[in-house]
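Listed next as structure tokens is one chain, alone, in the form predicted alone.
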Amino acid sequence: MTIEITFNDRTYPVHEGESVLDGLERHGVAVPSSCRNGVCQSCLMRATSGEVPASAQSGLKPTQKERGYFLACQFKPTGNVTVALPDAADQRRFTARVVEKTRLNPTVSRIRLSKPQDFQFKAGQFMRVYRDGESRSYSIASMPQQDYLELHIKVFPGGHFSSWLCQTVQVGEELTIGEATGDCFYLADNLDQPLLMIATGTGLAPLWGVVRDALAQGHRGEIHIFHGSYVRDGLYYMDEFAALAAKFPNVRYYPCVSDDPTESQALRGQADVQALKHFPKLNGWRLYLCGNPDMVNTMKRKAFLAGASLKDILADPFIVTVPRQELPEAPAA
């Protein structure tokens, strides 16, 4: 039987027992790689069709396995597969109509889009919005069973893309969006595991989806959500999270303000600092980190030192060449 690998719309036959990496390279296709032993993860790819064996996913995060990621040097196909590089995952585009625009605080707006019929996503993932050859990534705050896609967008000073979305685009207009991607979502593989969620600014958007998705799937473990801002005006969805905590006894919500001495309804200090103050030992915890890249990187390191396993620290990397003030606060890593 001939086994075929489809990559970048071209199909290549491979030998029985030959890895995806070796097969593609034999046909002159360049695939990033290094150790070729399944350790460095340089040859990480994603299967968009076909079965991926567990042996090709050793050492990957559960969320990566769920999305079909594999190590090309370890994957020896036994049937036809279609594969892509990780940064090629966002190729398909959709048209979505703006159905609502709401101001959440002085700088953040909520935009809801009609969900295209065949648009698939998991709560907490992110997608791109396209305009005239440019694009920006925004996390999805809604849940898959809802008929809209919810985005929380902060208008940055001098940020023409965020200003266009929040100030120029009108209800009823159509936007071009990319398919959902990212690993910062909930898997119901341990319903009793404690969850710690930390966000700054619009990093709250994916967590609003993740926490509701976890509860909908019957999560029983403690869920603690810390949301930070410099001042009270930077916070939002306080009532919504408080209502969630009132409804579910395993949920606790902690608004945090780091630079507002007059604030009395929030914790004083940065969200990540407050989280570690409350929970200094994180052995066995799963963490979701979203927002300011410096906070996320610092907290990833501190969480590991506090006992959290690297596979249980979820934060989506997001790299795009734009002016620094234009960078969204979520997704980030």
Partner chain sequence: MSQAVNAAPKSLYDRIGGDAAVNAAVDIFYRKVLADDRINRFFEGVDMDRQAAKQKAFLTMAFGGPHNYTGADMRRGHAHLVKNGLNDSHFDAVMENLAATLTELNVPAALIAEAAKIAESTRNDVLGR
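Residue numbers count along the first chain shown, from 1. Note that the structure is a prediction, hence the values are computed from the model and not measured.
Missing here is the form predicted together with its partner chain; even so, the following discussion is about that form.
**Q** According to a 4.5 angstroms non-hydrogen atom cut-off, is Thr48 in contact with its partner chain in the model of the complex?
**A** So Thr48 does not count as contacting its partner chain.
**Q** Looking in the model of the complex, any heavy atom of Ser34 within 4.5 Å of its partner chain?
**A** Yes, Ser34 lies within 4.5 Å of its partner chain in the model of the complex.
**Q** Although the partner isn't part of this model, could you tell me whether Phe279 comes within 4.5 Å of its partner chain in the model of the complex, counting any heavy atom of the residue?
**A** Judged by the heavy-atom cut-off of 4.5 Å, Phe279 is well away from its partner chain in the model of the complex.
**Q** When the contact criterion is heavy atoms within 4.5 Å, does Gly38 count as touching its partner chain in the model of the complex?
**A** Result yes; Gly38 sits at the interface with its partner chain in the model of the complex.
**Q** Since the partner isn't included here, can you check whether its partner chain sits close to all of Arg301, Phe304 and Leu310 in the model of the complex (heavy atom within 4.5 Å for each)?
**A** Contact check passed for all of Arg301, Phe304 and Leu310.
**Q** By the heavy atom within 4.5 Å rule, which residue out of Pro62, Gly59, Pro293, Gly269 makes contact with its partner chain in the model of the complex?
**A** Selected residue: Gly59.
**Q** Which of the residues spanning 154 to 175 lie within 4.5 Å of its partner chain in the model of the complex, based on heavy atoms?
**A** Nothing in this stretch is in contact.
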